[in-house]
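In the form predicted alone, a lone chain appears below as structure tokens.
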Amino acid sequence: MFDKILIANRGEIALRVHRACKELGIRTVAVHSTADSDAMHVRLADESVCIGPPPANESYLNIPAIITAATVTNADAIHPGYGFLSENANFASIVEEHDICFIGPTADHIALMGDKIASKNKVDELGIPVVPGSEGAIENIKDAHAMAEEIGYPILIKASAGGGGRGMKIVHKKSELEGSIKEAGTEALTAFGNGAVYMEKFLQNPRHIEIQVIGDGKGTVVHLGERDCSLQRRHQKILEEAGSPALNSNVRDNIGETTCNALSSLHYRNAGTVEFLYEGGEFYFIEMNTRLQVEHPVTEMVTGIDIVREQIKIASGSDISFSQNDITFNGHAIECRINAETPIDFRPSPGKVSTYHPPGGIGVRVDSGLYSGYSVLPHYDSLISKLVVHATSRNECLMRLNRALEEYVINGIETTIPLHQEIIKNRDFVNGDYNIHWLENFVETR
């Protein structure tokens, strides 16, 4: 087991990793920008190193500074959390080249799954169902028109090297195709430094379902069930559930087994999530995230498995501490992402938290680095807290979540707590009748 782990992240996820380390008896090193010197994860870590000024590209994305911090503190391993450098294959390689363990997948697997075209072709080869579309990047408009006619409109133009909705355009008819390809390519080049785009069939009303997996790198891969992440705004997840109201145990077992079989043949290592669109009883691969997910707590709540702890143990050379037959799903869990944004028009709302009082009680978990007097910074993502609730049934979970949201006090800044209160009382959501377009329609018409 490791003696010391450097946590290459900030906010609630850095605190989450720190807690897992301490429960394993591992010392922690926090890295931070000058703006984050009073952050909770910095205060609690055994050691801390300032790695640069507030802009992320000068601190949390500064690979030389992070490697130097790990070297001078004699860290055995680096946990990247999510975001920032967590899916940067070059970073993973550099970490390993410095004889420091990277807590995550291999650099080769990160690179493979980071390329949307290559990953789609690979999982198709391994038996995971994919959305009908082009086999590679769009090379010329003539071939694009031919492919679009074969697939059938509407189609989706997507960036090969990115995600999060950037470099993505929906095309409803032939006359829109050429302009959309150019726009998507320009946007992709600006956002990711790679203007390659491809096309696939646009599914009209799918759900977004993802499968959590853990692999030992030796051929064993276990899945921890599904999460329904269909409540999204501008392709950013807002609320997640485990399990999905749309799936039953047979469907879950089938897609879970298919996913594990494919990744076993790759000898996939550490945690990962395979994301699908689900429509008409069929699954279609979107992408694989080779890292810990923001929404991992809902899976932990229904399985009782500490995913971060498992990541650390596997990276240290241990086998997975459970088999597929050991996994049981207990009750239901929902996570609300609380952002420092106005709940009406979603403008960022940085500032000082004057009062902070998180909810508590049975089945309530809050992952957050907030405290009274803490200043939410304008330099980083607006996610400030994750409220996670677990109960024996979905209905009981909703009742508990309603109570927890009413208890949650964050004064001094605006948050999206009121939005979540609206969502969970809506009849469609209560009935589990929603898809990836539901939230944007709800926001526009409320």
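One-based numbering along the sequence shown. Every value quoted in this text rests on a predicted model; they were computed, and no experiment measured them.
The discussion below concerns the form predicted in complex with a small molecule, not included here.
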Inset, instruction - Spot the stretch among 252 to 260, 327 to 335, 273 to 281, 93 to 101 with residues whose non-hydrogen atoms come within 4.5 Å of the small molecule in the predicted complex. - result: 273 to 281
Legend entry - All of L156, G162 and Q232 within 4.5 Å of the small molecule in the predicted complex, heavy atom check: yes
Inset, instruction - Using a 4.5 Å heavy atom cut-off, state whether E287 contacts the small molecule in the predicted complex. - result: yes
Legend entry - 4.5 Å heavy atom contact, R309 and the small molecule in the predicted complex: no
Legend entry - F202, heavy atom within 4.5 angstroms of the small molecule in the predicted complex: yes
Legend entry - in the predicted complex, I424 touching the small molecule (heavy atom, 4.5 Å): no
Legend entry - The single option of H109, R227, K116, H223 touching the small molecule in the predicted complex, heavy atom within 4.5 Å: K116
Inset, instruction - Quick one: from L292, V131, L85, I214, grab the residue that has a heavy atom within 4.5 Å of the small molecule in the predicted complex. - result: V131
